[in-house]
Ligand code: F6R
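Read the single chain below, which is given as structure tokens and is the form predicted on its own.
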Amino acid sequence: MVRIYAVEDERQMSRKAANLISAQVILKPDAVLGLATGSSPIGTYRQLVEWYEKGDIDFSEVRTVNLDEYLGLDGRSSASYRRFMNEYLFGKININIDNTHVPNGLAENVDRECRDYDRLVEELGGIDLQLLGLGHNGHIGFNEPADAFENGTHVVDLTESTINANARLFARREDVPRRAITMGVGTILQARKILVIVSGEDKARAVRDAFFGPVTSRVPASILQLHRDVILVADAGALRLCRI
């Protein structure tokens, strides 16, 4: 089931998403949050930080697991997703950094790292709320269009469109890693609640295909239609091709 909240712009999208996340934490102070990176959640994280600074939300017992990390990047690298999370959220709230988890992009045994990451999610009791963005090609996490859905955490070869989209975060396009570790679709679908945030007319086709088209591994996000509790928060531009 997909519930859609239509908002006017990215600012309202971020505030609505932050409201839903904070409600989860208030309801369950030791909630397990699945978190995302990229440009989409930045406004949401800023809003959460603002509410934390006002004393409206307490992250001291929260546990987090991030969707993905570039393969080959140290967590201290300016382009790593661990660094991103520290900069935009973890370093600005009262979360215990030991309770935050991001795949290890420098793992010596990548297959073992993937298995251990799925085991970690299980040991935490599962994800209460998973935050997702939506790629232009319909990817979620780094689950790219493919012939079949990947179930567990795995290594993926990034498509040219994803590399191009992320190139702005690197000094040169050739510096963008070509591979990443990502939670699989199966791991994502095990979350009790999924929150998808999308803004901008450039994402309109992806929204239409993901939430109003057939379920297909060529549009990875389309499988979210089969989940029992999905919330889509999207602005007018992102929803311009949808009838709601």
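Just so you know, these numbers come straight off a predicted model, no measurement behind them. Residue numbers here begin at 1 and follow the sequence given.
The same protein also has a form predicted in complex with the named molecule, omitted here; what follows describes it.
Peer 1: Gln24, Ile127 and Lys193: each with a heavy atom within 4.5 Å of the named molecule in the predicted complex?
Peer 2: Zero of three within 4.5 Å in the predicted complex.
Peer 1: Decide whether Pro103 counts as a contact residue for the named molecule in the predicted complex under a heavy atom distance cut-off of 4.5 Å.
Peer 2: Flag for Pro103 set to no.
Peer 1: State yes or no: in the predicted complex, is some non-hydrogen atom of Arg63 no more than 4.5 angstroms from a non-hydrogen atom of the named molecule?
Peer 2: No, Arg63 sits far enough from the named molecule in the predicted complex that none of its heavy atoms falls within 4.5 Å.
Peer 1: How about Tyr88: is it within 4.5 Å of the named molecule in the predicted complex, going by heavy atoms?
Peer 2: No - in the predicted complex, heavy atoms of Tyr88 and the named molecule never come within 4.5 Å of each other.
Peer 1: Might Thr37 be said to contact the named molecule in the predicted complex, defining contact as any heavy atom within 4.5 Å?
Peer 2: Yes, Thr37 lies within 4.5 Å of the named molecule in the predicted complex.
Peer 1: Looking at heavy atoms inside 4.5 Å, which stretch does the named molecule contact in the predicted complex, given the options 208-216, 38-46, 24-32, 51-59?
Peer 2: Result for this chain: 38-46.
Peer 1: What are the residues of 108-141, in order along the chain, with a heavy atom within 4.5 Å of the named molecule in the predicted complex?
Peer 2: Gly133, Leu134, Gly135, His139, Ile140, Gly141 sit within 4.5 Å of the partner.
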